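Shown here is one chain on its own, the form predicted alone, set out as structure tokens.
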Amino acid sequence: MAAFVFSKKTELALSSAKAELEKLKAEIVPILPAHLRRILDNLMPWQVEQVEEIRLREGRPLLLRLGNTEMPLKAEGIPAETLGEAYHVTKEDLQRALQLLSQSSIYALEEEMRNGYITIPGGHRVGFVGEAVLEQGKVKTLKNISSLNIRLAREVIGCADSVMPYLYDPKSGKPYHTLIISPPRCGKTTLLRDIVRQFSEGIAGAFHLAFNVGLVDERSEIAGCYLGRPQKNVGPRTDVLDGCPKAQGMVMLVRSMSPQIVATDEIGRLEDVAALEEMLNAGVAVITTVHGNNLNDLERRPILKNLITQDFFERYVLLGRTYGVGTIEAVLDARTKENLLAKPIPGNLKEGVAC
């Protein structure tokens, strides 16, 4: 029986890796020059499953990031032991990639160049750097592109299962104002996306616990919108305002879409706080995230300290890596600071899917 279970798990893992490989081919590979496609074609499925970023820097090694590690690749598509052995990206590689991204009309990318990134089908994001062209002191566009960073967007359906019971009041059925606190690359955006989906679908599938959610996705990382349409599952009752500054977007959503919940990522600016206060006055629940290790971190930042001392939030969800990426380290009642968890809950995120 044990051998059978192991065999089934192995079979499922291989099937998942194969699906990731097909996804990479369908969505990422078409924007790469032909010989870079051949290099990636030689990756093993387990390697593909963990790829988070593909780094193309002119005259420098082709690098893949897999969670906290990186993998230089040889021209044969196998890992290089040193950077010197790796395939070195050429100027022609970058120019061809830009042609493929823009469908041979580089001027069509001017707006995206100004922002420094473009979102492609599948919700993946390609970042650019190069020489900034200024107009009246502001960046008009970029030219002489020297680096591309292709970031793979992934979703983990169900990664919020263990935390959902703590995010709403079972008596009133109302969501709590919630702040997710996380160091970089511990899965806060992935967790937020699944929380949004679950509130939108109805907690545990219950229609009476389903909510209209307004999602402000300033950097197109939560819903992964392409041409305004979410590429990730954010639920049937979620309205996405893509590419909009979060403070402005939160107010717009409340006035236009009457959400019961507003969600957004990475607060921290003064105007964000003003918008959050407007949500509170409008009776709208807020779920958002911030970079940090714990509450002490946030209390050292004047803007965030005010939110904490004023008890704006009702729940704090702390992420970390105690039991791997996406570990739920604690869920704090904001009023008492009591940890509602008996012990940390292992996350079910893999290296390479956390952001």
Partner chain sequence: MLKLAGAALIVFACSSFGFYMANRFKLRSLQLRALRSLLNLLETEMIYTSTPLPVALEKIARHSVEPLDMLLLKTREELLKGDGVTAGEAWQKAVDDVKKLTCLDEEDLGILREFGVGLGGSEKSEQIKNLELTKELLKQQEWKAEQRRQQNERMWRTMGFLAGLAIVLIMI
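Numbering follows the first chain given and starts at 1. Keep in mind the model is a prediction, meaning the values are calculated, not measured.
Although it is not shown, the form predicted in complex with its partner chain is what the next lines describe.
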Proximity of Gln99 to its partner chain in the model of the complex, heavy atoms at 4.5 Å: yes
Distance check, Ile106 to its partner chain in the model of the complex, heavy atom within 4.5 Å: yes
Proximity of Arg37 to its partner chain in the model of the complex, heavy atoms at 4.5 Å: yes
Any non-hydrogen atom of Gln95 within 4.5 angstroms of its partner chain in the model of the complex: yes
Candidate from Thr189, Asn212, Thr141, Asn149 lying within 4.5 Å of its partner chain in the model of the complex - any heavy atom: Thr141
Single option in Asp161, Glu110, Glu81, Glu76 placed near its partner chain in the model of the complex, where near means a heavy atom within 4.5 Å: Glu110
